[in-house]
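Alright, here's a single protein chain in two forms, structure 1 and structure 2, each given by itself as structure tokens.
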Structure 1
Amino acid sequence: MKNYIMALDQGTTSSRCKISVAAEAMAKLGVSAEDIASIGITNQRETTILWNKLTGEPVYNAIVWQCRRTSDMIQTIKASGLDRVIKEHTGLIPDAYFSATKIKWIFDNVEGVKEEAEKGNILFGTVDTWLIWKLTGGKVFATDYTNASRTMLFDIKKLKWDEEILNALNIPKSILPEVKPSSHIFGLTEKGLLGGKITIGGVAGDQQAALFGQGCYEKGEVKNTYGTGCFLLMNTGNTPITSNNGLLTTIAASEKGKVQYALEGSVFVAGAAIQWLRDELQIIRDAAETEEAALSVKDTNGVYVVPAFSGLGAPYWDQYARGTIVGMTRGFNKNHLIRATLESIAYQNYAVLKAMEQDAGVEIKRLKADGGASSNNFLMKFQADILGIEVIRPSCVETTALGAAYLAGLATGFWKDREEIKSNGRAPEIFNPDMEEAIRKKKLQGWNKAVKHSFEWEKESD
């Protein structure tokens, strides 16, 4: 009897296997391939891998989603007017964040790759596609709608690769994978890898997987994942909503014949700011210390941190912004800095959520939170206070892996339907706001002033 669903969660800073190191996890639990009904894959999105399909070897190091090397290329795209086509067709705002210009950069800078691509020997994939290709021994070259929708090359309304954008960027269609629903039988793993052939039944980009894992199946439901970055998504149902406030329109994880859309706001630096405190400044030993440090002071002593280390995402979209600390006085100490860094995560999310409310024309009453940094009680309480709404944290904050497992289980009949999945959850923890409105307003005014000081720092002067 198949009693398990395996979830492979390939993130920016780690790979995890929930039941990566799939064979090790199976061995540790004494689980064999015969026990596993299917595998769900979830992954960091936009990260770009090109490889030679004859040798199976990458032609260059993966270019991670955070990389800004193609910022100048984006400026050229905007100057050409292609940005309007990109937004209309893909739902995205042109940015170095997405896969398209990363592909073009490799073509332009790695000798011989463009020529091999024109011969049909080069394949492109986001991390999910690479994993599927490797797990199936090169038999399956595919992705799902959610990952395709993050490449800046996919028409999210027609559900196909966009010929106009491909031609404009001189990217051959032959390098692109086949696109499938998120809950779908993609193929079988090679027998020798995991001790037997296992069905790959679910694939979704990490943020869409988390939306599904949080049970946000209905229009208007919102979740925020506090990971390396923060990613706030709202399910908008069967209709894509075009943002007028710097948000992205994307495809939500869904089953066959049930394509749903989402509005998304991306905060590039969230948990990464805590890593900065630990690794570069070395003022904490691990992330868990930040909660106690933040509570050891009554406030930030008037200081704001804007962690724009790789530019600013929604709703600002300033790729030339850089990290800024403002308001320091002689009484400022490391605990104030730690608190201000945690608060910066909540402020960035406030800006995204308010933009989302305007685009969708709804008032958001609650926010579902997940991801590693959501375990920080100070951050969750401050987030509730600064938003003025309740923040709900599930008993299992690893909802990204959970979403991938749910998608895989639905595809293989492990779970009957979404209602059965909903019945699996345990009671969440709820953080309620109690900050005085005048204080909240003053803090937000300070943040808005601070963030303006980070704008266009890296932009060349005229």
Structure 2
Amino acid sequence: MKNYIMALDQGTTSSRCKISVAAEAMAKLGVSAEDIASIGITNQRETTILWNKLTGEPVYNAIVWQCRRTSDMIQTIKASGLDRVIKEHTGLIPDAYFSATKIKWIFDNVEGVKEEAEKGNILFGTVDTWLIWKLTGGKVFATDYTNASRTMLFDIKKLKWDEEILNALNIPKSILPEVKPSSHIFGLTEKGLLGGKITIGGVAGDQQAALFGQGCYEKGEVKNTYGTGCFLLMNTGNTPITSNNGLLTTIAASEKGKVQYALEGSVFVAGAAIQWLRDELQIIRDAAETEEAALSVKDTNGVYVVPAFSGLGAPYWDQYARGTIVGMTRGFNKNHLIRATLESIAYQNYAVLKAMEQDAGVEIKRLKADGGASSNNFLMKFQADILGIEVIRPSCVETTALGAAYLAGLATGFWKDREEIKSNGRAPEIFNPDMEEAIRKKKLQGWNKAVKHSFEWEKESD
């Protein structure tokens, strides 16, 4: 009996020995390859690896998604007008964050790569592709739609690698993997690795896996991952929606034959503001303390914190904005500050969600939450109050791994359909809004006023 689904969750800080970790987990559970119905892979997106297929060795270190070394290339792209093509075809706003310029950088800077690519020996992959290739002993060279949609080289409407962008950046098509749906039988693991052949049945980028793991299968459903920053994704159904608010259009994880799209927005500083309270201001010792501190006061005493430490993203898009605290009077104390910092996370999410509603023309009815800071009950309740909708926190907050597992299990028939998955989990926690409308409005007005004070702070005045 195949009773298990294995999820490999490859994050930014824990990459190296996944295969030995998988073997260890199997040994601990007393599970052998025959017991595992399918493997699902989910990964940090955009991170770029080029390797030589003859040696199986990377030609250069993986360039991680955060890396800004190709910012200048993006300026050149903008100056040349290619940015419009990129936006239209890939749904992305050109940035060093995505894989395309990282690939180009390796081609331009690492000796011998061009020559080897001309011989057909160089392969490119995001981390999923690398893992699939390694797990299948070099037999399968593939990625899924969600990961491809983050390379800035994939036409998300035609579902094909984009020749125009490839040509403009001088990237040979021969290095690119085949692109498949997220829930798909990609191949079998090589026998020697995990003690037997196991089907790889699911692949998705981490944020898309979380959207699927949260059960956001229908148009208008949204998840928010509360981590260092916040990552918000809204399922927009089977049409890609172009944002007027600087949100990204991307492909959502879905099953065979059913491509779905998503709008994506992020808040740069969320849990990081709590780290600031702990590490710089040293007014808390531990992030979890903020809940009690916030509840010890009845409000923020009229104060707003705008944690625009590295500018503001969607929908404000002001790279010159800086952190701001407004509205202080003599009665303002550290618990007010802690509360206002937590509230700032909710306000920023509110702004992104309203932008999504506007772009997609749908009303968001509930928000599904996960990530480290979603354990804060005050934050969840305040988020519900400020949005005026329920916020749902699942019993299993490992939604990324869960999503990969669902995709893998659906591909092999471990689960019949999504309905069967829905009936699977334990009851989630629901935070209901009950703030008076007048108070909600007043607080939002205050936030809108406060956020304006942070704008263009760092810009040189003339």
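Superpose the two forms; the largest set of C-alphas matching within 1.5 Å is the rigid core. Keep in mind that what you see is a predicted model, and the values were worked out from it rather than measured. Each residue is numbered by where it sits in the sequence of structure 1, with counting from 1.
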Go through 1 and 2 and tell me the one that is the form predicted alone.
-> 1
Superposing on the rigid core, do we see a C-alpha displacement of 2 Å or more at residue 373 between the two structures?
-> yes
Using a superposition on the rigid core, decide whether the Cα position of residue 111 changes by 2 angstroms or more between the two structures.
-> no
Superposing on the rigid core, is the CA of residue 329 displaced by 2 Å or more between the two structures?
-> yes
Hey, core superposed, how many Å does residue 320 shift at the CA between the two structures?
-> 8.5
Can you give the C-alpha shift of residue 344 between the two structures in Å, rounded to one decimal, after superposing the rigid core?
-> 5.9
